[in-house]
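To begin, one chain is listed below as structure tokens, in the form predicted on its own.
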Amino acid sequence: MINIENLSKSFGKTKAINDVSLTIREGEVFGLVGTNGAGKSTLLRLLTGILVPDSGKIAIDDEPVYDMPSVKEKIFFVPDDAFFFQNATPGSMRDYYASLYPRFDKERFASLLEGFNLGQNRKITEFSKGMKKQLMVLLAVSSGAKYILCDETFDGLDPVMRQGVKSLFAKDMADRDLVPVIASHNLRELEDICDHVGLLHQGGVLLSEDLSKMKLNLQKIQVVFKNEEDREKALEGLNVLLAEQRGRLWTFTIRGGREETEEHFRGAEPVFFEVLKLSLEEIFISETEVAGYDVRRFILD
């Protein structure tokens, strides 16, 4: 488990991380969302021990990370712009990381290279950006590290490769308790993989929630009423977060259980109503607007 308490980091007059507290638990994929400049990359580098915080604490499995090689063996950082040695091949990078990670599985790495059609002796300078990202992920999962920290990992991957990477994470979570932490500026990239999502803005955490709990407690309803009186009756006693109207069709986002919400609308005998699935983006818009933020201003599509 990773515990972050009151973490802050500045570069000159710029406060990149501002009093951040988060808990990243085992058995879940943690998504860290925010625009470029929100502090995601800085936070990941603090977690790996590359940077030293100005204040606050980071504990990984109850141990500090900075200047602790035994803890750093548990962490593999996949940066947005991966660095490889000059004239390096996947094979030479394998040997390098195997010297850093005692549990590196060379046989598995060779098998994954073949599965992803990446030649072991091919010069990495010949790889596309997406191929370089694939290679870093294969090195990460082969390293045996418990925590893989990914910075914009899915950016530049085609849908097939993206699904392949997600499948690798899922397998290792089941087989060896891998904990992936995935930072992205795009909510849609995280929607089908993350269990818990934290929203970072201007160096601070606006929201950190378990997605399953959020989805259970939020309902999206589309409905057509016979008249205004029926609409008022249906909404009586409900906690309406968002309401939009297009012609006679109303769309509501409501905090509450599904059965209770459906019962209210059935009682009003509308012309039509249905419960729709909320997207991750809609959930965050609803939650942050209630907190006084317009998330649409700073979440990128």
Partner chain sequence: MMSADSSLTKFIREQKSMLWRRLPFVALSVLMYFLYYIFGTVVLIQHERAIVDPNTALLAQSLSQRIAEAVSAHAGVRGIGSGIGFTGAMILGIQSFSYLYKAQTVDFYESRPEKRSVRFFNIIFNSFLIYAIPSLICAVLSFFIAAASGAAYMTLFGDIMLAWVLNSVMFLASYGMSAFASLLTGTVVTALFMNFFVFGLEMLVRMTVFGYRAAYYATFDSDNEIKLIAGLKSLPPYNLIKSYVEAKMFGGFDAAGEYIVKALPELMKGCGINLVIAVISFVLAFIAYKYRRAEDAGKAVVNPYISVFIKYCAGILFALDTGLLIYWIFGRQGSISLPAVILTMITTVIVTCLILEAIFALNVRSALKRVYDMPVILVISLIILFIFKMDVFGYDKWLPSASGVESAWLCNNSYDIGIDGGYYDETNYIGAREFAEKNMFITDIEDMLVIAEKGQAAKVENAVEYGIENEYAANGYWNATVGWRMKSGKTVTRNVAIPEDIDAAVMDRIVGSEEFIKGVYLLDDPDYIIDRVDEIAPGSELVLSTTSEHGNLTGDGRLLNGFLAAYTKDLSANYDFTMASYNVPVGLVSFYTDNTFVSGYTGYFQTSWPIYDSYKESIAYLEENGLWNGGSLEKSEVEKIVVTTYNYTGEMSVSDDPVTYTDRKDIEKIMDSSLPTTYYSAWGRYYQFEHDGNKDYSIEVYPAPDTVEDMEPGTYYYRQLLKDKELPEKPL
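Computed from a predicted structure; not experimentally measured. Numbering follows the first chain given and starts at 1.
Omitted here: the form predicted in complex with its partner chain. The next part is about that form.
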Which of 211 to 219, 80 to 88, 177 to 185, 164 to 172 lies within 4.5 Å of its partner chain in the predicted complex, heavy atoms considered? The stretch 80 to 88
My question is simply whether residue 52 lines the interface with its partner chain in the predicted complex - judged by any non-hydrogen atom within 4.5 Å. yes
Touches its partner chain in the predicted complex: residue 64 (any heavy atom, 4.5 Å): no
Check whether residue 195 has any heavy atom within 4.5 Å of a heavy atom of its partner chain in the predicted complex, and answer yes or no. no
Report whether the minimum heavy atom distance between residue 264 and its partner chain in the predicted complex is within 4.5 Å. no
Candidate from 45, 258, 255, 233 lying within 4.5 Å of its partner chain in the predicted complex - any heavy atom: 45
Going by heavy atom distances of 4.5 angstroms or less, which of 159, 102, 119, 115 would be at the interface with its partner chain in the predicted complex? 102
Within 4.5 Å of its partner chain in the predicted complex, do 9, 73 and 93 each have at least one heavy atom? yes
